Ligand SMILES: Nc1ncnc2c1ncn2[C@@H]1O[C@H](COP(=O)(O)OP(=O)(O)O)[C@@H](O)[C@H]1O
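Let's start with one chain on its own, the form predicted alone, as structure tokens.
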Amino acid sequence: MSPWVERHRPKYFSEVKGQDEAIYKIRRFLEEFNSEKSKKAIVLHGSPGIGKTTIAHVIAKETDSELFELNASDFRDKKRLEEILKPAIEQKSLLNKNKIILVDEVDGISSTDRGGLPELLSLIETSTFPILITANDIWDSKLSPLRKKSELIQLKEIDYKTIKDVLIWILRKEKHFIDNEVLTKIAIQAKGDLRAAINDLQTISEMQDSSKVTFDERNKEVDIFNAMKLIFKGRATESTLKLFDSVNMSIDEIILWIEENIPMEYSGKELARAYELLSKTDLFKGRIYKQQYWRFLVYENIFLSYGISSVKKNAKTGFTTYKRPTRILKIWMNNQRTAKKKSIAIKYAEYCHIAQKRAMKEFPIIKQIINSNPSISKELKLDNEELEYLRG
């Protein structure tokens, strides 16, 4: 039996559900292609399973174009890439009126590949055909040059009601019946991933009693850039409270990211209120560490997510380049210095037969002693980094 995701893949724009805004922007891009203000490439970006590659195939169908497909793996060898690309960008299609080049999963391109991103940027410069690029995470720092040369079109995670409508449509085509409550659960658990929902539907349709099916929670990881975008630009909702649960980062690091980027989005009273809530987050963090009151974690999360998101009067618009926290670098540098100090103190304590704690306490004196005579550093077998630390 063929996969339902392939059998029922949309062929026309009218069959693509839940992406009306993206479809409008794609149509405009195609209409304006080759005009002076038009860019040569668009990046369809968003979480897996929401239809990025499918839409690329739909575009080819709608425009009567040949689709020439490349994957991130094709960019790993510059010579091979030139052999593949040169005919593609120079020759017209034999069977169709037009040609479209699809570069799938661009975030898989490595910065160490021999071809890599520079070759893709070169392709965008020289191609006479529209280039469609898909990415799960277009905000990766290595893709910054690509963002500047392309029009970014975000595909939204599909609402569970829309997913459910698609599932019902597929069941009618397949002449199957599944309990309405089970369909709702499939749609909700997919968390915007239509492809996953259709795969679940096909699996459950083969069961004798679908009412007994159990669902595992589908955890979708969110990167910190998208999390901040949802906090700063979106409306504060119940889902905002759970946003940082899906970010693979400690709460302390998240606090630093939010602290660094609040001024990029807020000003005036909104800025003051956001910092006030951030300070309350820090206050509860201190209470958690000092008093071991771990139940305060819920308040820390509320202030950091829903609280900061809710201070804005209106949803923010426009693109913002978020910055990495400078405090993280400072903390790392401080930790590096502390590590060097500790390693020197350990060597000195072992050589002089004293406690390491005492050596750390008396380190200013020890530093002067070592610097007074080069032979002492040789006796302690200090490395170049430790010697550089002592001279600093």
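Because the structure is predicted, anything quoted here is derived from the model rather than measured. Numbers follow the displayed sequence, beginning with 1.
We do not show the form predicted in complex with the ligand, though everything after this point is about it.
Colleague: So if I measure heavy atom distances to the ligand in the predicted bound form, which of the stretches 188-196, 237-245, 259-267, 275-283 falls within 4.5 Å?
Modeller: Careful reading of the contacts points to 188-196.
Colleague: How about residue 15: is it within 4.5 Å of the ligand in the predicted bound form, going by heavy atoms?
Modeller: Yes.
Colleague: Does any heavy atom of residue 25 come within 4.5 Å of a heavy atom of the ligand in the predicted bound form?
Modeller: The answer is no: residue 25 has no heavy atom within 4.5 Å of the ligand.
Colleague: Taking the ligand as it sits in the predicted bound form, is residue 50 in contact with it (heavy atom to heavy atom, 4.5 Å or less)?
Modeller: Heavy-atom contact with the ligand at 4.5 Å: present for residue 50.
Colleague: With the cut-off set at 4.5 Å between non-hydrogen atoms, does residue 5 touch the ligand in the predicted bound form?
Modeller: Taking the distances in the predicted bound form, the answer for residue 5 is yes, it comes within 4.5 Å of the ligand.
Colleague: For the stretch 30-44, return the residues whose heavy atoms include at least one within 4.5 Å of the ligand in the predicted bound form, in the order they occur.
Modeller: The stretch does not touch the partner at all.
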